[in-house]
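Before any questions on how it binds or moves, here is one chain, the form predicted alone, in structure tokens.
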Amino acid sequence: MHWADAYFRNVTGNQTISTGISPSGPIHVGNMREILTGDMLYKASLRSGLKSRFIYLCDDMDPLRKVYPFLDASYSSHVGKPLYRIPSPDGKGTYSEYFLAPFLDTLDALNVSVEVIRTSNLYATGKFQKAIEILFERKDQVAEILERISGRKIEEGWSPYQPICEKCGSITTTSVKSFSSPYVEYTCKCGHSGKADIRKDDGKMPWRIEWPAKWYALSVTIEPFGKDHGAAGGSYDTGKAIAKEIFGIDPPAPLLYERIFLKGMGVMHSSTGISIAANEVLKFAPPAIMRFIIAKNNPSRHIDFDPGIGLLNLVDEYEKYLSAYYGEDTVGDPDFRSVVEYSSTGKEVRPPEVSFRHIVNLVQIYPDDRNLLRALQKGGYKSDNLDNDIKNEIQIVRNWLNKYAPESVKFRMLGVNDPATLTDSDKKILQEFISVMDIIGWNPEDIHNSVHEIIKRMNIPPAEGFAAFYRALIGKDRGPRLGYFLSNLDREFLKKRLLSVTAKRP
């Protein structure tokens, strides 16, 4: 049983599934495990016949922690201010919306149906008023919970609420002096003294307290989160205790997930610059791939995201799953049908007429659309023109080749008369092939068999024999699978090219 379906084997009643991400920078592939895990749980709950709500809390009240690598030095004046009150890097709108907008577009493209709630709106509409009043009333008990479970000493003067200074705009430099609902009196390090209204967005709760307050205010029943939050003494442990002992509610059932690593670089985090924005992935990979990598991996397993050759292999695997779903292939995953269904972006998808890998090769052989169309048709594409879907996939392939493809995959076709560095053995292999190329079937299997017979007769290892063709055609020792590669070349062009490189020079 798929992990999302298994989660609901013994769950009953109405459910509210909550996720949350701070728009402090580009929302990246690593963040997608949060939202897509939540989305798959939501879809699984509906499959189980439960009435469910799926929410995404945009933590736009979080303060800017520092000047991140992607920001200019002018943002030093905004450190400590809430993200939704900071200007956008492009000068249009707010900082939080600047990073949120492309993420929401990505969610639409990935068929994520989620209710987006900005934390600033929860404060501004008074949704947290009751929770904040309870926290102030039981302030000492909250502090005791935090110390007992986290093992950290709570500083004198600690408050369960952080006012925003109305003069300097900082949320990290204020100190609470008194509370008489709905007002919090404070002083700020900038020298200002003021009053914050808890019915408005005049301040916020610290993260460890705000999290259970969200559960209380929004009746959250299920929440996926990273394993760091689930560590002993971590934010979920303190949140559970605050939920039960302060708010008198059951905490949401958790689902802990492992992190996503950017292959060769480490854990993704926008603040360190080690990340790829989620909307960027849609430019160089089919949309379903981001869902597929989450759907096929149990949340307890970490994921290495490789935008290079790993991406190409991942698309191969996804296409194989699709073929298995429609009875045209087999895979070893017993949950493959559910994996395909949870990978859906909302469109009906069948096994591709032309594989992604094949398009990778064809766009490098034929840069112009007319010849590319003919080659695609030869490979199984049935339309008389390039429709929008195939055009989009071609552009995705080109984007991947330009930015992430390893050199081992990239090549450039040499012209008929371009020079080539060949050994005498290479030339002999090519000459033997020229002698039979007019009479063999011009398809991958017949071409491969013909080349294999030649190099076997000459007692040459396959890799060395195939290299003769790659050196002659693309100037490299390796290339695409030879039978498919040659079959997609015009036979007359290939003959002229091989005659050119094997001819005796004066």
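Just so you know, these numbers come straight off a predicted model, no measurement behind them. The first residue of the sequence shown is number 1, and the count goes up from there. Think of the rigid core as the biggest set of C-alphas that the two forms share within 1.5 Å after superposition.
The form predicted in complex with the RNA exists for this protein as well; it is not shown, and the discussion that follows is about that form.
From the list 181-189, 231-239, 104-112, 87-95, the contact stretch for the RNA in the predicted complex under a 4.5 Å heavy atom rule is 231-239.
The candidate site formed by Ala285, Lys382 and Ser487 is entirely out of contact with the RNA in the predicted complex, as no residue has a non-hydrogen atom within 4.5 angstroms of it. Interface residue among Asn402, Ser300, Ser76, Asn388, judged by heavy atoms within 4.5 Å of the RNA in the predicted complex: Ser300. Looking at Gly126, you'd find every heavy atom of it more than 4.5 angstroms from the RNA in the predicted complex. In the predicted complex, the RNA sits within 4.5 Å of a heavy atom of Ala6.
When contacts are judged by a 4.5 Å heavy atom cut-off, Lys347 does not count as touching the RNA in the predicted complex. Although the partner is absent from this view, Asn313 contacts the RNA in the predicted complex, with a non-hydrogen atom inside 4.5 angstroms.
Residues of 131-168 placing a heavy atom within 4.5 Å of the RNA in the predicted complex, in sequence order: Ser150, Gly151, Arg152. After superposing the rigid core, the Cα of Lys66 is displaced by less than 2 Å between the shown form and the other one. For His28, the Cα coordinates differ by under 2 angstroms between the shown form and the other one after the core has been superposed.
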